[in-house]
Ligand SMILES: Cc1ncc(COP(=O)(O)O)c(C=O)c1O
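Take a look at this single chain in structure tokens; it is the form predicted on its own.
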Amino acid sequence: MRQYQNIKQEIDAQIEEVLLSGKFVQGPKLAAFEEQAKAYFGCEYAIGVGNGTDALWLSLMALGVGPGDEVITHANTFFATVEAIWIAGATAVLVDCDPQTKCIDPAAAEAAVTDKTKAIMPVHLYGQCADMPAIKAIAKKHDLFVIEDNAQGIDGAGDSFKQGELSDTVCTSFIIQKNLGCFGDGGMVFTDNPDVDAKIRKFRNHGSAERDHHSAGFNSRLDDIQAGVLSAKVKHISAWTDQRIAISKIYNAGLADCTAFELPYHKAGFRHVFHLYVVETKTAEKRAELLQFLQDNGVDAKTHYSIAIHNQDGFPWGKPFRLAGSLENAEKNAATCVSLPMFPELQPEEIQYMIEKVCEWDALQK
């Protein structure tokens, strides 16, 4: 709500244009935003789709990844990452995360490669970029595709690379709580591959590139109202990211003397965009205590994500994944993570109050 109020006139003007045009699906506003997005991202093609999950599995399908193939990713991510692999018909291979960044461990990923492996799907978890140079080296060595799950990492980069330079596609989500969020569901695929672009444009629209001509396809289109909202917002994303980073530094300084949990790790040479500010307690029991304490004191702390993928219930068809090696770090991350409030419009007094309460809880542990 604060973000909307800050740029209300810009957003309202975009929505009004769509309403007055009467063109709500695959209209000029979507085309305009796709041009904006690819220019911002520095890629050849940007394809708006229904949501971030669709962006992932449509990328897999466009690259020819399906039944009989394996896709390597890590176990401490949002369910949709692995869900997309299953929807495409492939098998998810779950590996451990790096204990510091919480992103995929390149060594674990390479150890999991088999003759069935077709792709690696690194996730820029919490806004920290995965080690893309290492992932790309593995992919090149074993002739694999790389699909970046960028749902939490838009505007992130490394000193030596930008997102998309070392992968076949970058997939992002525009659901409202993301760093660049619309007013509902939305997603996008970025690529430099014209064949992938053409295939996804057909897939998203019932297999149609020309009216009344169809092949196998789906219904996954970013509508023009959401595209208009995003068109207004994308101009501000770098400034919002800078504010997130500034808030993370205030958190870091205010919590530096605490000993009952670990602060988030910011890998040198990488632009961490702090979609989430996540601390890790020493045990799952302490995590529950901290969450309850903060919530009792009016702090909207949450977990992202408290159950690792391979420990989820609800697989009536059996568990459609393969576990590769120890998942010790991923399981610890899932069991002990706590997300403190993080958004660009947080006020200084709010940040200080949250720091005071976290420090108060920390003092009780000594």
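One rule holds for the numbers: they count along the sequence shown, beginning at 1. Predicted model only: the values in this text are computed from it and were never measured.
Beyond the structure shown, there is the form predicted together with the ligand, which is absent from this document and is the topic of what follows.
Asks: Of the options A111, A198, I175, I245, which one has a non-hydrogen atom that comes within 4.5 Å of the ligand in the model of the complex?
Replies: When the ligand is considered in the model of the complex, the option within 4.5 Å is I175.
Asks: Counting any non-hydrogen atom inside 4.5 Å, which residue from Q152, T73, S231, T191 sits next to the ligand in the model of the complex?
Replies: Filtering the options by heavy-atom distance leaves Q152.
Asks: Taking N252, V279 and A301 as a possible spot, do all three reach the ligand in the model of the complex with a heavy atom inside 4.5 Å?
Replies: Judged in the model of the complex, none of N252, V279 and A301 sits within 4.5 Å of the ligand.
Asks: Which one, 25-33, 59-67, 335-343, 45-53, holds residues whose non-hydrogen atoms are within 4.5 Å of the ligand in the model of the complex?
Replies: Of the stretches listed, the one contacting the partner is 45-53.
Asks: Is there a non-hydrogen atom of A80 within 4.5 angstroms of a non-hydrogen atom of the ligand in the model of the complex?
Replies: Contact with the ligand, yes.
Asks: Looking in the model of the complex, any heavy atom of V123 within 4.5 Å of the ligand?
Replies: Because a heavy atom of V123 falls inside 4.5 Å of the ligand in the model of the complex, the answer is yes.
Asks: Contact between Y40 and the ligand in the model of the complex at 4.5 Å, heavy atoms?
Replies: No, no contact at 4.5 Å.
Asks: Find out whether any non-hydrogen atom of F321 is located within 4.5 angstroms of the ligand in the model of the complex, and reply yes or no.
Replies: The answer is no: F321 has no heavy atom within 4.5 Å of the ligand.
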